[in-house]
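Taking the form predicted on its own, here's one chain by itself in structure tokens.
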Amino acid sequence: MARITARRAESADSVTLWLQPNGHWAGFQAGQHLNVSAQLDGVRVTRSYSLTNASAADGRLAITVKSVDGGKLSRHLCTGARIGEVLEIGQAFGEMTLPATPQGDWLFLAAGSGITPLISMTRALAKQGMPVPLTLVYWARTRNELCFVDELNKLAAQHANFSARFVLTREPPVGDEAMGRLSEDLIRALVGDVSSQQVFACGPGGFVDSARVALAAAKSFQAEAFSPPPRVIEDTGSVQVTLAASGRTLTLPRGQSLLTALEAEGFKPASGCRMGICNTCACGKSSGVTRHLHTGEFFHEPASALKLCISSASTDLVLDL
């Protein structure tokens, strides 16, 4: 559990919440996420958020939440949650973290909420005196949606080997801002030669896909998408899904995530990010064939684990639920 101890507006639609966790919290690395849960209208709602602080001497942690249309938890955290409210949190997870001893040249690419894990890593490097050259390029639709601008500019003024560039897609640039969507030409204009760069990219699925193409010549590339890529499955019909632990058998549609299909039938499996990152919805499969909703790949192996949010049923299944 964690209590909200402070809140601060970061942009027109984002707020940072400072949380004081209890003794069960095991800590985190910059760049990781955690699941946050709250009871809203009698229903427990869980979503994943990135930690945005690097560390805190008093043990607190910070999350920066963007209000999303239709997002019950994000809207509550941005507008309804008050200092003193207690939230349920999970342990930190995520593999896009800095090495113990960073070396070489680094390039961070962020779009929208994708800034959140990257600001955590930027702050972590700043606490070390910015030991490696780092460029952060940050996209938003409009200027008032950008977070941490003053802090990033201050860090750039303090550290000669750090630079921050801001790119808008729906508003004319001012000063040294740029405008345009991510492309190889824009990266070349902003960053120059990328062949020595170690890249972390974070943002919507389409942004990450574009970054992967534009940075093909980079030394290394690692990314996390905050929205799933387009689904490629167009299966029809239905299958029988047996929930072994619950003793129930449900008729569910093919081509739809098992998580969504189970929720439509009134079953509420544990879930978090709903994008295949956090593993909260992972469960065992005793028999049957599933299909990955993003790649179209089939999985035939019995006695295997699957993530409900990115898996659909291709045949009758038995799940350990």
Ligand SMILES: Cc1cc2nc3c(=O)[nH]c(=O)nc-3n(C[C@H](O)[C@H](O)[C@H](O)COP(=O)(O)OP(=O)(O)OC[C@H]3O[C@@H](n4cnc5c(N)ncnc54)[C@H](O)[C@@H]3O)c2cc1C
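Numbers follow the displayed sequence, beginning with 1. None of the values given here were measured: they were computed from a predicted structure.
Absent from the display: the form predicted in complex with the named molecule. The rest refers to it.
Contact with the named molecule in the predicted bound form, defined as a heavy atom within 4.5 Å, is made by all three of Ser48, Gly70 and Leu73. Checking Val199, Ala140, Ala225, Leu243 for any heavy atom within 4.5 Å of the named molecule in the predicted bound form turns up a single hit: Ala225.
Checked against the named molecule in the predicted bound form, the residues Cys273, Leu252, Ala38, Cys283 give one hit for a heavy atom within 4.5 Å, which is Cys273.
Taking the partner from the other structure, the named molecule in the predicted bound form has a heavy atom within 4.5 Å of a heavy atom of Ser113.
The named molecule is not shown here, and in the predicted bound form it never comes within 4.5 Å of any heavy atom of Leu258. Using a 4.5 angstroms limit between non-hydrogen atoms, His294 is distant from the named molecule in the predicted bound form. The closest heavy atom approach of Thr64 to the named molecule in the predicted bound form falls within 4.5 Å. The candidate stretches are 74 to 82, 99 to 107, 235 to 243, 177 to 185, and the one lying within 4.5 Å of the named molecule in the predicted bound form by heavy atoms is 74 to 82.
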